[in-house]
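Given as structure tokens, the chain that follows is alone and in the form predicted alone.
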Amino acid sequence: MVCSLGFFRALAAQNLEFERFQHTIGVEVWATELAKKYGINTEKAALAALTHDLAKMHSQQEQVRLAKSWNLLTYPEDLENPQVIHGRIAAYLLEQKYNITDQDILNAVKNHTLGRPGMSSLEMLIYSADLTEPSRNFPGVDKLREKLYHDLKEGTLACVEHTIDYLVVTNRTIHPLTLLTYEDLKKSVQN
């Protein structure tokens, strides 16, 4: 790895607002614990966790500008809900600026907001750890953590279902990639 975990931890500390940095450290701790449990490379999990929200150092307006200039927008819903594009921007920065070439790490960062069909174990881990890290406190989060600790794939499916339910209840758009992720995980769990 070109840059150390300490480098990325310091980068997050310097560039993210305090609450976002605290969240990032929570994701790192939880992702590392889950990685140990599921035999996933802990250094990869920690790196993806530390960098998953790296693009949040930019305003949403700047994120949209960067995503357009780097051709990272793939759905009309990306512009309707620009908060979902920061993972793609962070993955792009990791690859282009910090020479991270591990595709699994890049995918975990890129897909942590919406998921994707055929997610790797690391991708599921970061997607789910982001939602369920220790400082998250919403109704049902403990059950999601339990499911995630019992089974990574079923736990991730539960996290995606929670997200979809939340979007429905709050009358928000469900991104098509989240729906594809849900269908893929549901089929995978049933088989």
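From 1 onward, residues are counted along the sequence shown. As the structure is a computational prediction, the values presented were derived from the model and not from experiment.
Missing here is the form predicted in complex with ligand DGI; even so, the following discussion is about that form.
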Site test, Lys56, Thr113 and Thr173 vs ligand DGI in the model of the complex, non-hydrogen atom cutoff 4.5 Å: yes
is_contact(Arg136, ligand DGI) in the model of the complex, heavy atom dist at most 4.5 Å: yes
Please tell me whether any heavy atom belonging to Thr32 falls inside 4.5 Å of a heavy atom of ligand DGI, as the geometry stands in the model of the complex. no
How about Val84: is it within 4.5 Å of ligand DGI in the model of the complex, going by heavy atoms? yes
Can you work out whether Glu28 and ligand DGI are in contact in the model of the complex, taking contact to mean some heavy atom pair no more than 4.5 Å apart? no
Partner absent here, but in the model of the complex, which of 42-50, 147-155, 160-168, 63-71 has residues with a heavy atom within 4.5 Å of ligand DGI? 160-168
